[in-house]
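The chain below stands alone and is given as structure tokens, in the form predicted on its own.
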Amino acid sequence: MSGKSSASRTVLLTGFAPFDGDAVNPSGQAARALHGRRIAGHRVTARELPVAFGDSLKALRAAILETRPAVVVCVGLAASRRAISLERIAVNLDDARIPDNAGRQPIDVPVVRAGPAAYFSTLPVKAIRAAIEATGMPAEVSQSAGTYVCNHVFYGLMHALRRRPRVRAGFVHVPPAVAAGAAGSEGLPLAAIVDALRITIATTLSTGEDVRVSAGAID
């Protein structure tokens, strides 16, 4: 892919459809809110993925082929978390606590047969965390994306791009969305989540090598 091509000026941002009986999913809402925005000279193209093993990766791969992006950020909801979680590691394991939206519930199944045990994000996760925290929002570098559809998509994303090292990619978990002014123990306002994703994209596009901090500072 030529660095001068117009296609390389695209950021693919994905969120998920609602699941587990919820009417909305803030990951999908936040991604849609940034669709068409220009960040650091790049156009954001948002796509909503189904909460389904297999189907989500088919949709993701199709979106990558369509957009030929310079950066891919996939986003999912982590209902128990209260900070923007920048995932570092995707593991080759599907182990579903509950069925997905298609009724599938894989247990101890690899995402990719004969694939490597894990992939690392190529986003500058520590620099992103620092940039988000500078705005007063809570952020963290997470060492586990779980074993549900979010990790399935994260691993599948990195596997699909394994031979395209110039495309930076990774996964972000967001907390539940709450009413404006109600940030805290319940989650973050949707506008704050949208801004955190904007910062994630902007920092990725402006950062080469990730910042270096002590291990204790990112646990």
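Just so it is clear, the model here is predicted, and its values are computed rather than measured. One-based numbering along the sequence shown.
There is also a form predicted in complex with pyroglutamic acid; it is not shown, and the following applies to it.
Q: So, in the predicted complex, is I128 in contact with pyroglutamic acid at a 4.5 angstroms heavy atom limit?
A: No - in the predicted complex, heavy atoms of I128 and pyroglutamic acid never come within 4.5 Å of each other.
Q: Does V149 reach pyroglutamic acid in the predicted complex, with heavy atoms at most 4.5 Å apart?
A: Flag for V149 set to yes.
Q: How about L188 - does it come within 4.5 Å of pyroglutamic acid in the predicted complex, if we only consider non-hydrogen atoms?
A: Although pyroglutamic acid is absent here, L188 would stay clear of it in the predicted complex, with no heavy atoms inside 4.5 Å.
Q: Is T204 part of the interface with pyroglutamic acid in the predicted complex - any heavy atom within 4.5 Å?
A: No, T204 is distant from the partner.
Q: In the predicted complex, which of the stretches 117-125, 141-149, 88-96, 103-111 has residues with heavy atoms within 4.5 Å of pyroglutamic acid?
A: Selected stretch: 141-149.
Q: From first to last in sequence, which residues of 19-44 have any non-hydrogen atom within 4.5 angstroms of pyroglutamic acid in the predicted complex?
A: Residues within 4.5 Å: F19, N25, S27.
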